[in-house]
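The chain below stands alone and is given in structure tokens; this is the form predicted alone.
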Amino acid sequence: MTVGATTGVLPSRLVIGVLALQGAFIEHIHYLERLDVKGHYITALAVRNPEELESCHALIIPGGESTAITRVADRTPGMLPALQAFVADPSRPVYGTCAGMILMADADGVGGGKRKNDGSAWGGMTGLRVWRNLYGGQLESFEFPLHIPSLSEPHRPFNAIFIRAPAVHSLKQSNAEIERLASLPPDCVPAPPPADSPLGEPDIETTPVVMLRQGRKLVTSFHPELSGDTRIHEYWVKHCVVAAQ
């Protein structure tokens, strides 16, 4: 029996999965456990197989290595197609951070990386094209106080942590609008991806965007689970998991 969000009515007990194949998943679980959402009790579940995924109303794809996450999923019987179907379903709430943002791009919408043909994304956010590691390697990691008007206490900056972060290459036109929720200032934005890549000409107006929403899907190129601040998790649960019925 499918437990997911397609029925339009959520129970008081929400099971929110965090994909636990590789990467920083335990921090997301701890953040979810700290949330207080009126009318709902949240159970955070580490997801490693199709049966656990099927029990979830929503899913977080954490940071880590997008290709490693895909390869581990592919070695678990039935897991990769189950993940691809869950992520691509517009009725399923999904939040992708860093590597999760890469996997949320269009299937043919990922560029960059050290190796060619490094695997495709799962198509969660229609029209999103992403460039891996545009913000540099581990030594180029940085923090920035982001202004995010959509969050609770919008006057208080959110300490966004960027670690080998991907960037938006471009946003293709689609039937579902993509909201741009937060952007970096020009002096923090790296040079755009090359124009002669298979993804084509990058859109320099979208490169600074680091937080986007499309319906029940949310992505950030940074790691909110390392900030000590639960407001982005709170926003996703309230506006994408609970409110978007």
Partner chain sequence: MSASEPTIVHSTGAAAPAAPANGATTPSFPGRSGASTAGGTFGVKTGLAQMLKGGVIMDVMNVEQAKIAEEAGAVAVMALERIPANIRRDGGVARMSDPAMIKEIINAVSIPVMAKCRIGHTVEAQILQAVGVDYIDESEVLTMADDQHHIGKHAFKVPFVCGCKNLGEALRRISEGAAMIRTKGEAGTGDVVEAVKHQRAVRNDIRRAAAMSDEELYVLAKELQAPYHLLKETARLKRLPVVAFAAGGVATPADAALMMQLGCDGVFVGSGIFLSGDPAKRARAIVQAVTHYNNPQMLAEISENLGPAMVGISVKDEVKTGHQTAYADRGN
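Note that the structure is predicted; figures quoted are calculated from it, not measured. Positions refer to the first chain, counted from 1.
Although it is not shown, the form predicted in complex with the partner chain is what the next lines describe.
J.: Is it the case in the predicted complex that 131, 201 and 240 each bring at least one heavy atom within 4.5 Å of the partner chain?
T.: No, the candidate spot makes no contact with the partner chain.
J.: Does the 4.5 Å heavy atom contact test between residue 89 and the partner chain in the predicted complex come out positive?
T.: Heavy-atom contact with the partner chain at 4.5 Å: absent for residue 89.
J.: With the partner left out here, check for me: in the predicted complex, does some heavy atom of residue 164 sit within 4.5 Å of the partner chain?
T.: The answer is yes: residue 164 has a heavy atom within 4.5 Å of the partner chain.
J.: Does the partner chain come within 4.5 Å of any heavy atom of residue 153 in the predicted complex?
T.: Output for residue 153 is no: heavy atoms all beyond 4.5 Å of the partner chain.
J.: Check residue 27 for me: does it contact the partner chain in the predicted complex (non-hydrogen atoms, 4.5 angstroms)?
T.: Contact check for residue 27: yes, within 4.5 Å of the partner chain in the predicted complex.
J.: What stretch, of 166-174, 122-130, 136-144, 80-88, brings heavy atoms to within 4.5 Å of the partner chain in the predicted complex?
T.: Within 4.5 Å of the partner lies stretch 136-144.
J.: For the stretch 19-56, I need every residue with any heavy atom inside 4.5 Å of the partner chain in the predicted complex, listed N to C.
T.: Read in sequence order, the residues that approach the partner chain (within 4.5 Å, in the predicted complex) are 20, 21, 22, 23, 24, 26, 27, 30, 31, 34, 48.
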